[in-house]
Structures are given as structure tokens and as C-alpha cells.
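Given next, in C-alpha cells, is a single chain: the form predicted on its own.
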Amino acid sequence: MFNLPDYFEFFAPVKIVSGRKAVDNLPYELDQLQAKRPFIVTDKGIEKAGLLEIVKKAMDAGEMEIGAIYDETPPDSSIEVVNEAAKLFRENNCDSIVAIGGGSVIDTAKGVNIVVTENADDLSKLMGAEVLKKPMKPFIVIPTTAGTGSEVTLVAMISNPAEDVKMPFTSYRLFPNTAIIDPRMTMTMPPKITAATGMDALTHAMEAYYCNQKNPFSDGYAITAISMISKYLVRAVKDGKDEEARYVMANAATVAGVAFSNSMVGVVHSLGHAAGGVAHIPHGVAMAIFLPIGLEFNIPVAGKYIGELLLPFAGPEEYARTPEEKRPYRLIELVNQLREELHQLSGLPLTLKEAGVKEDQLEEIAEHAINDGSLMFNPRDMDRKEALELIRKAYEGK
């Protein structure tokens, strides 16, 4: 008998436009939203890679004017960056937002949308869940990494450097109107970033499947994403010009985003957010380090669901020949094998020490981790002592 939750909600309002030249549809999608002067949020790397030029050509072909471009987004965006970009939006009388980039760019764009919509002077005043009350500006996302899933989520994480924390913003109003998935926009990602963002997507899907708000709809998305990632992530890392692998991974990240936006994430993200806030390690790197540790931590209470993930990750033959009680442990073993292969191919760090975290930062990371909002959705509680044990394990790799 299938065990349905007593109550759940599922919401996936973002229009997905996916294809090998999907960016060419951008002017049409903006016109459908009655947008005339879009504000583009991106970063210098996107411009150097020639990806901004693809968007500009699409806009020219569609005879639509770009209101302004903000290309100063750093890898770890902050409230100061958001406030600066929002000022540029206002100065140029823009009426909509197009984000072209990875998680930091997309979260920055969400932050800008919050500030200009709420007519605020400081993003930090609007932190929290369901604080926003006004309809947002038209918002389209073109992801250039296959990992964050932010193009289909209601969450933004923005750093507050003064406090060494990542501030969460959660609202149904933060969903983009449209996500444009085009493999051309991910072809220039270097191997290490491809590996890290792929592990981010895998973590989203796996945590979505066993965390507290799991439901049949999010389960379907999670399982699909895991199957796609397990088959194509290594291919994309080995050959960045493998268009099929890039296309599958770009879609897998979005599918995983739909899953975790509804069932949420847990301890892996709590630890990762804390490590990112304190030590500023990239989010995908943190997910790659903490994923097997978080899976193992949750086996006592969610071992059945974790074991079920062996099927989409390794296939029916591996699943069938592994005894039920050993499936969660076999999954972790295979996840570690994947991490090791990605490490050999790209240099993806396997420990916090390799990622540049200092030993004297571990206790502060533990303190932030137990106060991270993601922890409330984890199936197993974690206290400060347990958090520190997991972080030390991640630091040493033992």
C-alpha cells in the first residue's frame, strides 16, 4: 500500500521553455509578460564566455531594447550587491528582470525584484518567509549552470558579510515567470564547476525524496532527476562540448529544482549553507562534500527512502541484487565512487580541508548549521554536538 502524507502542497508555476536554441524565444516570452525594458543581471564570466552575446542577438532579432545590464555579480552575492543593482534598475526605468547565470546571479536577481517591487532601500529588512506582499516584476531566468535549480524555486540565499551568514528569502512570489533552458548556455562551464553544480542538483533531488515534505509529485521529479544525473554528469565533466550531456544535465537541474522547491531540503543544505557563510566555499562544492555524510546521518530514520534511491541512481539490476537493508549503504558507496571519479576528472574537493576551510572555523560552522532553516525539514533532528561531529568528518574525510 502506498503511504500518502496526511497533507501536502505542490506548486510548480514556472513556464519551462527548453531546447537547443530556446534563448531565441526570449523576446516573445518578455512580450507575453508585457515587458518592454528588461534589466539583465549577470556576471563578468558570462560576458567573457560570449553567453551574453547570444542573448543580445536574440533581443535584437526580436526588436526589443535592453533597459540596463548589471554584470558585477560576484560568486557569492551579498545584500550590498543587490542594493546596488536595484539602484541601476530604477535609474534606467526598467520594468522586468532577466537573470543570466548560476545560483548567485539568479538569487541576486530575485533580491533585486524584492527591493524594487517593495520599494525598499535595503534587502535585509525583508528577510524571512512570506514577508512579501506585492506582485513582483516580470522575471525570466536563463541558467548557465546545471545545478542550482533556482530558476524554478521560491527561495533566494543572499550573504550578509557583516554577520558571516546567508540570509534566506522564501516566498511564492519569488518564483520566476519563465525558465529558459538552452544547452548553449552551459557549454562553457569548466569541468570543476560542472562537477560541483551537478552534485548540487543531485543533492537537491536526493534530499527532496527523503525530507519531511516529500510527496508523490515531488518524488516523481526527484527520481527522474537522479536517473538523469547519474547517467550524464560524468559525461558532461569529461567533455564539455557533449551537447547531449549538457542538455540532459541542464534539464535535470531544473527537474531537481521543482522537486526540492516543494519538499524542501535538509541537513546537507544546513551544513552547506553554514560552511558557505563562514568559509565562503562554493555551494556545489559543499554539497559534494556533505551529501554522503547527510545520507548516512539520516539512515536511522529515513533508511527505507534512502535505500529506494539506489534504483534510479544505479539501475534495476544493482537494486535487485542488493538486500533491502543494505541498499542505503550501497547508495552511499556509489555516491562516494562518483565523487572520487569527479575528483580525478576535475579536482572537485572531497573534504572541507581540501576546499580551504580552516580547522578553527569548524565550531562556528556547527553553530550556524543548527540554526539554518533547512534543518526543520530534515527527518532527523541534529544538535550542536552532532553537527560538529559531521563537520569534523567532512573536514578530515573519515
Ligand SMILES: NC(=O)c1ccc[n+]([C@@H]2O[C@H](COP(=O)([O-])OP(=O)(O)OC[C@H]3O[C@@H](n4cnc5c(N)ncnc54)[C@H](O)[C@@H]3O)[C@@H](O)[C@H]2O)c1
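Start at 1 with the first residue shown and count on from there. What you see is a predicted model; the values in this text were computed from it and never measured.
Missing here is the form predicted together with the ligand; even so, the following discussion is about that form.
When the ligand is considered in the model of the complex, K166 lines it closely, a heavy atom lying within 4.5 Å. At least one heavy atom of G103 is located within 4.5 Å of the ligand in the model of the complex. Although the partner is absent here, T203 lies well away from the ligand in the model of the complex, with no heavy atom inside 4.5 Å. Taking the partner from the other structure, the ligand in the model of the complex has a heavy atom within 4.5 Å of a heavy atom of P190. Checked against the ligand in the model of the complex, the candidates S263, T148, N113, S270 yield a single residue with a heavy atom inside 4.5 Å, and that residue is T148. This chain is displayed alone, yet in the model of the complex one of V278, V155, L291, C94 has a heavy atom within 4.5 Å of the ligand; that residue is V155. None of 293-301, 229-237, 211-219, 180-188 except one has non-hydrogen atoms within 4.5 angstroms of the ligand in the model of the complex; the exception is 180-188. Annotation for 18-47: interface residues with the ligand in the model of the complex are D43, G45, I46 [heavy atom within 4.5 Å].
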